[in-house]
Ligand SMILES: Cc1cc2nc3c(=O)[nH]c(=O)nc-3n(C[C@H](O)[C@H](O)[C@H](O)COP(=O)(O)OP(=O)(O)OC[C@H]3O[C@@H](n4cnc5c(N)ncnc54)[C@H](O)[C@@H]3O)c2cc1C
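There is one chain below, alone, in structure tokens, taken in the form predicted on its own.
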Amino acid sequence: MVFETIIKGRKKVAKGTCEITFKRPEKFVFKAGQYIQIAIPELLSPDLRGNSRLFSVTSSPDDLENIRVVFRVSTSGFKQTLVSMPVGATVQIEQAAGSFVLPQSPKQQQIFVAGGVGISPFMSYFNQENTPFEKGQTTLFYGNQNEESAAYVTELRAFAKRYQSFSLQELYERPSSEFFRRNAQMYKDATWWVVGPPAMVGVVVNGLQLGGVDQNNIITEPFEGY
């Protein structure tokens, strides 16, 4: 199903990183962790990848007024058009899809690994009204080039102070497979959710497997086209 909607606003959430808010159509439904496809009627400049992109939803499923996505700004025709469109401009959004659906009642410890704007599906999860932090132990490894480029890091730090069951580890150096092998041994029975650029996801998965984590406990979502 395709919905027509409008841009409600935009803001900078980190260095080179933009959050766009759309009006949520009445019958649009999704689960934390899913993605949508956004299509722009007419691009300001050509884009070899066309006039649409996939984005994980950042806003909570509980927010019935808004749909939010976040992305690194680039020189692509699509993104340059999206950051230039005025409030009230029309876009098309396809019904949410994807199997990277985060657990609402976790039965074991959850370990999240996010690289850059791979934080998107986790923010959708964290911002729910019935916070998952009260249902089980959660650890987030959040990697960025530097603090300035870390979207939502202030909110995440606030979560870590508010909820004893949530632990945040900020990573500002490129982690190795060995780093995740060591951590895998501490959280061997946890479920690992990994989102980020394909190369980063590969490093994390390799480390987890070396650390003895069962493949069935590793769930990934590589982000293409940063």
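From a predicted model like this one, the values you see are computed outputs, not experimental measurements. Note that residue numbering follows the sequence shown and begins at 1.
Separately, the form predicted together with this ligand exists; it is not shown, and the next lines address it.
With the partner omitted here, the residue from 188, 157, 27, 49 that has a non-hydrogen atom within 4.5 angstroms of this ligand in the predicted bound form is 49. The single contact residue among 92, 131, 76, 137, judged by any heavy atom lying within 4.5 Å of this ligand in the predicted bound form, is 76.
The candidate stretches are 102-110, 83-91, 117-125, 149-157, and the one lying within 4.5 Å of this ligand in the predicted bound form by heavy atoms is 117-125.
Although the partner is absent here, residue 70 is a contact residue: one of its heavy atoms lies within 4.5 angstroms of this ligand in the predicted bound form. Put simply, residue 4 is far from this ligand in the predicted bound form: not one heavy atom of it is within 4.5 Å. Residue 55 belongs to the set of residues with a heavy atom inside 4.5 Å of this ligand in the predicted bound form. Although the partner is absent here, residue 166 sits far enough away that none of its heavy atoms falls within 4.5 Å of this ligand in the predicted bound form.
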